[in-house]
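Consider the single chain below, provided in structure tokens and representing the form predicted alone.
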């Protein structure tokens, strides 16, 4: 991928793929200072009575199990060096109830619990573990859902106190902060980057 860049193909839902991939990373680079667990898939958004366990399990395997497996294997590299920072991607779906998003919400809520657990367990090893919980982000995926009338962007924006969707860079900056030395005394924390979504509890529109 160019100078100072490599790409490894890893299926985060499969333990062997993660173990082999990180072992290859170790041979190529020797260490890892920062891990961002950003691999994930969305759910089917089907009514609960029509959801099937195959789809439910797949979402857990990637969004939750993948986060744990990557964190476990990369932490081994970090321990061999001087520690590091792990930033997990949760979601507002893990902080509140979003109808029809059972698997995704369950996985993202579990990522929060995992973040807190690992943050406490690995603090003495020099590894910080935090999470970012994004709200709705202006991406092609969100636009595709809107085009298919799966979501109502106008209603979503009115529900957000800041009145707009996040830009991808808004999430990236929050991740960068938690991974940087500026957050050296922060671990086990979940940072909501949602324009005030989770803070709002009044009735009616927020903006």
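Numbering follows the first chain given and starts at 1. Please read these numbers as outputs of a predicted model, since none were measured by experiment.
There is also a form predicted in complex with a small molecule; it is not shown, and the following applies to it.
4.5 angstroms heavy atom contact with the small molecule in the predicted bound form for residue 160:
Output for residue 160 is no: heavy atoms all beyond 4.5 Å of the small molecule.
State yes or no: in the predicted bound form, is some non-hydrogen atom of residue 29 no more than 4.5 angstroms from a non-hydrogen atom of the small molecule?
No.
Do residue 10 and the small molecule come within 4.5 Å of each other in the predicted bound form, heavy atoms counted?
Contact with the small molecule, yes.
Give a yes/no on whether residue 180 approaches the small molecule to within 4.5 Å in the predicted bound form, heavy atoms considered.
Residue 180: no, not in contact with the small molecule in the predicted bound form.
Since exactly one of 46, 164, 139, 169 fits, which has a heavy atom within 4.5 Å of the small molecule in the predicted bound form?
Selected option: 139.
One residue of 98, 89, 95, 110 in contact with the small molecule, assessed in the predicted bound form (non-hydrogen atom, 4.5 angstroms)
Of the candidates 98, 89, 95, 110, 89 is the one lying within 4.5 Å of the small molecule in the predicted bound form.
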